[in-house]
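Below you'll find only one chain, the form predicted on its own, shown as structure tokens.
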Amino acid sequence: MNRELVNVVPARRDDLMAIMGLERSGFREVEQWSERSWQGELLGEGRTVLIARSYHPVGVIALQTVDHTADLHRLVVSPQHRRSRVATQLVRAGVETVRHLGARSVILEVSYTNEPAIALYQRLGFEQLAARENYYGPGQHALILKLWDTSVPVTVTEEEEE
């Protein structure tokens, strides 16, 4: 388990190639976002993209804020940095950032088979709101999770993280 120091900072346009590297290492090809999709996240109105850096980029989160709700679009952590608190740091920083932008709640979709991600989000206070059948394709359902109040600190103990 890798516990090196990680800084979470706003992503810049010139981080696109590093983000694409994370995308390729984090998802199967059929699930990967395109470079154009990530450009939209980096440049779009109401978008928040944060990158976790150690000696190099190790994770990224993308959210969009509309009125009082933020939608967590994407969370990617390099395989060698999973279970090292990077995802927790990214979600915390993302929630804090969108709270300052006026978001009172955060919603997200996650594959119902992605048990590690579901467990992480639930530990951070997200609750299941609904399910969407075939959201990711035939037979690939999604859970809709919601963090109801961004003013409540998103915390998880180190024991819960393990």
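All residue numbers refer to positions in the sequence shown, first residue = 1. Not measured: the values here are computed from a predicted model.
Same protein, other form: the form predicted together with a small molecule, not shown, and the subject of what follows.
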**Item:** is_contact(A119, the small molecule) in the predicted complex, heavy atom dist at most 4.5 Å
**Value:** yes
**Exercise: G40 in contact with the small molecule in the predicted complex, heavy atom 4.5 Å** = no
**Partner proximity in the predicted complex: R92 to the small molecule, non-hydrogen atom cutoff 4.5 Å** = no
**the small molecule contact at R53 in the predicted complex, heavy atom, 4.5 Å** = no
**Prompt:** For the chain shown here without its partner, which stretch in 42-50, 63-71, 108-116, 95-103 has non-hydrogen atoms within 4.5 angstroms of the small molecule in the predicted complex?
**Reply:** 108-116
